[in-house]
Ligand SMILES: NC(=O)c1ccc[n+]([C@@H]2O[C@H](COP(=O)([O-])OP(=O)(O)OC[C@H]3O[C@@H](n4cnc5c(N)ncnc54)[C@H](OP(=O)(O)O)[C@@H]3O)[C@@H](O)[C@H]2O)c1
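Presented as structure tokens, the chain that follows is alone, the form predicted on its own.
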């Protein structure tokens, strides 16, 4: 799928960007070019130690900000596929610095779309978040706007051979700033801060996130918003899995946080289909035949009023399963 293709990842030095890089280099050794686009030179320097150009001749490191349209246009020269992972993502930081969040998450999305439309890019996958579903915080609101921009971009492409799609998923296990590394660091203090004992979150591994992006690159017809079927966990179970002897101290939720996260609302149910491994929310108007899409993917319409919420999920991680996942995916030497 990716051999002889040129791929660019915005925010490529982040957790998912690095896992995507690893997966692409391992599975498509004849990839033409893999461009890591980000604004943090230190992270690029560190990533280049792990993936040096001397060992991986297809890889390129490109300093740039998604706020800079001209830089994006330069970077997108001769690129086939774009994966847009760059974002400001910390909820409380976005609440305190709203204008900066808007510039990156909305303005940056607009710039990526413009740069794609002014080049020969053929596939674009933008990363979303569960917080973009019925958002109550600025981060979620900016990501919902970004989702809408990418989906609507299919309406303004004209005759260009380009498809824009979005992938939305829950908390990525072990990603930068996420709860598991935070608890692992706090464990030695003997106290784990719990925002709310009723809090739940969706959980997906880095590999699961990567698989979903690659699925969208390969299968999207343009305009889809893909949602994975993944388990939930209780924040108290994560704390118990990591520090069973630690005190759980209730500290209250931070500005903009929800007790439970959603990925599909009841209002989305009118255009949501079950694809088996994933759900897909389709746009109100498509530029392809809906009946053909349903037939091609054996898509099943969800019931009206269907919603997908981490608190009402049918599949749950347990304390034991969380320990197994932590050991398998994050900390091989992990013990309690």
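Numbering follows the first chain given and starts at 1. Since the model is a prediction, treat every value here as computed from it, not as a measurement.
In what follows, reference is made to the form predicted together with this ligand, a form of this protein that is not presented.
S.K.: Quick one: is residue 65 in contact with this ligand in the model of the complex, heavy atoms, 4.5 Å cut-off?
M.R.: Residue 65 belongs to the contact set for this ligand.
S.K.: At the 4.5 Å heavy atom threshold, is residue 176 in contact with this ligand in the model of the complex?
M.R.: Yes - in the model of the complex, heavy atoms of residue 176 and this ligand come within 4.5 Å of each other.
S.K.: Answer yes if any heavy atom of residue 82 is within 4.5 Å of a heavy atom of this ligand in the model of the complex; otherwise answer no.
M.R.: So residue 82 does not count as contacting this ligand.
S.K.: Just to confirm, residue 128 within 4.5 Å of this ligand in the model of the complex by heavy atoms?
M.R.: Flag for residue 128 set to yes.
S.K.: Have a look at 294-302, 307-315, 33-41, 271-279 and name the one stretch with heavy atoms inside 4.5 Å of this ligand in the model of the complex.
M.R.: Checking each option against the 4.5 Å cut-off leaves 33-41.
S.K.: With this ligand left out of view, which of 223, 209, 140, 170 would have a heavy atom within 4.5 Å of it in the model of the complex?
M.R.: Flagged contact: 170.
S.K.: Which residue, 16, 25, 319, 325, is the contact with this ligand in the model of the complex, using a 4.5 Å heavy atom cutoff?
M.R.: Contact with this ligand in the model of the complex is made by 16 alone.
S.K.: Heavy atoms within 4.5 Å of this ligand in the model of the complex is the criterion; list the residues of 77-112 that meet it.
M.R.: If the 4.5 Å heavy-atom criterion is applied to this ligand in the model of the complex, 77-112 yields 85, 86, 87, 89, 104.
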